[in-house]
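This document opens with one chain alone, in structure tokens, the form predicted alone.
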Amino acid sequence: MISLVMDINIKEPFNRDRQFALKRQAVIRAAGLDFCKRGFHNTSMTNIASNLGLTKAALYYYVKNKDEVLFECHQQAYDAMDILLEKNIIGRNGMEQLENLFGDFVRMLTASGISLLTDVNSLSDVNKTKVLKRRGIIERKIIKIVKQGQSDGSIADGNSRLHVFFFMGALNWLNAWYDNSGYFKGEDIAKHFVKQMKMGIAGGHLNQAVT
């Protein structure tokens, strides 16, 4: 059972709206983990409520239905990725910037409890359109870094979009198998993923230097 108070230990004057928002965030994150483990269609609102120690009535106080939960899971992941994309990404060239960004993505997903889900087709048409639009914006920002690396020679030539699909695919499956109580730690996974990504798309001289 996941405690609903796991992320809401607040030492400040009571604020009803903030308390609601934080508890709702905890519900969304816990539901996202359920979707990763069982799959969206195999996870019921009853499963989510039970895992949180809530009644179904209490769960419906925070979310209307599974479609809203799935939509908000995507939104949480993209909110976190946007924050990382908007900060000053350090690197001498495109590849170094991509390494730092990709590593930060892995650290965020293994430390925050946020789930990056692959299930988009199960969303309602309206929410699916919103999610795909937002995902496209994020992909274009990463593609821009890849193209910069291709221009400076640090990233191999080729279709920049396919380069991005190659290493982002690893992120899409990370939440499906990662267990924060397991053998692999977030930082170790980040280093390994970055190394594999670099081996896959580094340009000429950098590819030879990967160890």
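For every residue, the number given is its place in the sequence shown, counted from 1. Keep in mind the model is a prediction, meaning the values are calculated, not measured.
FYI, the form predicted together with the DNA isn't displayed, but the following is about it.
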| query | finding |
| --- | --- |
| Contact residue in the predicted bound form, from 172, 159, 180, 55 (heavy atom within 4.5 Å of the DNA) | 55 |
| Residue stretch of 163-171, 143-151, 44-52, 181-189 approaching the DNA in the predicted bound form, non-hydrogen atom distance within 4.5 Å | 44-52 |
| The DNA contact in the predicted bound form: residue 37, any heavy atom under 4.5 Å | no |
| Interface membership of residue 23, the DNA in the predicted bound form, 4.5 Å heavy atom rule | yes |
| Exercise: residue 66 in contact with the DNA in the predicted bound form, heavy atom 4.5 Å | yes |
